[in-house]
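In structure tokens, the next block holds one chain alone, the form predicted on its own.
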Amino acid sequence: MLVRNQQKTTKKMSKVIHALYDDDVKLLDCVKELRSNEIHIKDVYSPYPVHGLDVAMGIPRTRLAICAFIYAMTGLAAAATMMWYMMIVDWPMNIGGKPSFSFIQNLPAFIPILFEASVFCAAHGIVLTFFLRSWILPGVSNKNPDPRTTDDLHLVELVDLDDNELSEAMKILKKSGAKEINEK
């Protein structure tokens, strides 16, 4: 005999809800209210950074700073190796009476080059990492659901809500002062 689980389940909706805000304070209040009611927010689109939004959404701190440090140290090591080889091993030159038989004795002259190589590698590496991580590449389609979010509006995107979450989310969005609510 087949026994089925008699728990009441709620049906997941395949609707997408977009709520548009014209004020970042209202947006932040809405996000906090949605998170306190355990409603999953897929993404928030904004024309400019909203301070505190990442904390309100529960987004963990980025590890891009660690990548930047690794890229900077790679640039430092590459520049130091290059200068050691060119100025000490390959073709030592006596410039301004500086000794050409030791990297350590020439280090003060090499510091500006080491610094610039570190900054160069960190900046270019972090831009490439950001583009790859965000998948912002040439030929990739735009992920922005509403072009008005690049001008003056903020958008909260909610996806895969069950019936209870949908009704609760609509109440919160209307109460928080959403300028426009669209269901797709």
Partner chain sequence: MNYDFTNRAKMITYVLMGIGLIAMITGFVGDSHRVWPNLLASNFFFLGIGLFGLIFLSKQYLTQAGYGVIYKRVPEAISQYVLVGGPIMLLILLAGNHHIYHWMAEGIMDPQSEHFDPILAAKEVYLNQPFFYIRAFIYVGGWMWAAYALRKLSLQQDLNGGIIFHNKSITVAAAFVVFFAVTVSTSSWDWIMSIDAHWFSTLFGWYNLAGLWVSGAAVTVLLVVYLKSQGYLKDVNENHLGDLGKWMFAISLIWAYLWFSQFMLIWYANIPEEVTYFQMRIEHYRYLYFGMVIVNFCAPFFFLASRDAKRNPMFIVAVAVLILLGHFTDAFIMVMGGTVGTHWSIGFVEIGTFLGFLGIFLFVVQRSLAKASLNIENHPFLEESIHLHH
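Residue numbers count along the first chain shown, from 1. Keep in mind the model is a prediction, meaning the values are calculated, not measured.
Another form exists, predicted together with its partner chain; not displayed. Remarks below refer to it.
Look at 151-159, 127-135, 23-31, 111-119: in the model of the complex, residues with non-hydrogen atoms within 4.5 angstroms of its partner chain sit in 111-119.
Taken together, R61, I95 and N106 are fully in contact with its partner chain in the model of the complex: each brings a heavy atom within 4.5 Å. Put simply, K143 is far from its partner chain in the model of the complex: not one heavy atom of it is within 4.5 Å.
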